[in-house]
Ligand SMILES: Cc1cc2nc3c(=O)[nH]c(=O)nc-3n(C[C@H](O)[C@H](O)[C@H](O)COP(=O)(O)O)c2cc1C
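Below you will find one chain, with nothing else, as structure tokens; this is the form predicted alone, and questions on how it binds or moves follow later.
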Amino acid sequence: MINTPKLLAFSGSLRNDSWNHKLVCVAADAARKGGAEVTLIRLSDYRLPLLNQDDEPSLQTHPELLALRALFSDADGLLIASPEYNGSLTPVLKNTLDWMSRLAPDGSYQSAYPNKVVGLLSASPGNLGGIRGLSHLRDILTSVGSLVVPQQMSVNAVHAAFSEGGSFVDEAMNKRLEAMTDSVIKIIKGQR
């Protein structure tokens, strides 16, 4: 059994002032309070080329790919805040997920997803809070062997959702977020 689950937290946005990055920061804090060790990253620090199987063998030593694979491999679970682009997930998030699913030709790396426990979040200034993209993300992660917890969080009218201290203005939102992160942590602890 794992005493301190290790989580990797990130958003699917490259934007500096991303609402989804802010949301995953709050989720990371909630997970730390719940007893997890959380590594928070920005995908903009790991600029992966578009996945093309013709180029894949020559890119296995790409420094950002190696660094990101190490982070994914070390994590017991993931917290992902996904912006919604045209009713789905962002291109950078899909490309990252695809790269992390690939096997290294020399066998040095396996898919990062089997047995990972994942919590999903989204934020949007619109009325739906990015929820349509989460169903696509859930389908992808489930198909590669991850266990996505049923509790997910989508935050609509996100521009008015956060206090200056970084938590939600509405205490019920904080409780929903804590329930989601607690679920991820409990499943990881019970799984191993």
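Numbers for residues come from their place in the sequence shown, where the first is 1. Since the model is a prediction, treat every value here as computed from it, not as a measurement.
Heads up, the form predicted together with the ligand isn't pictured, but that's what we're talking about next.
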item: One stretch from 92-100, 118-126, 105-113, 71-79 that, in the predicted bound form, holds residues within 4.5 Å of the ligand by heavy atom; value: 118-126
item: The ligand: the contacting residue among H62, R138, R32, R132 in the predicted bound form [heavy atom, 4.5 Å]; value: R132
item: Residue contact check: S18 to the ligand in the predicted bound form, 4.5 Å heavy atom; value: yes
item: Any residue of 65-93 that, in the predicted bound form, places a heavy atom within 4.5 Å of the ligand; value: P83, E84, Y85, N86, G87
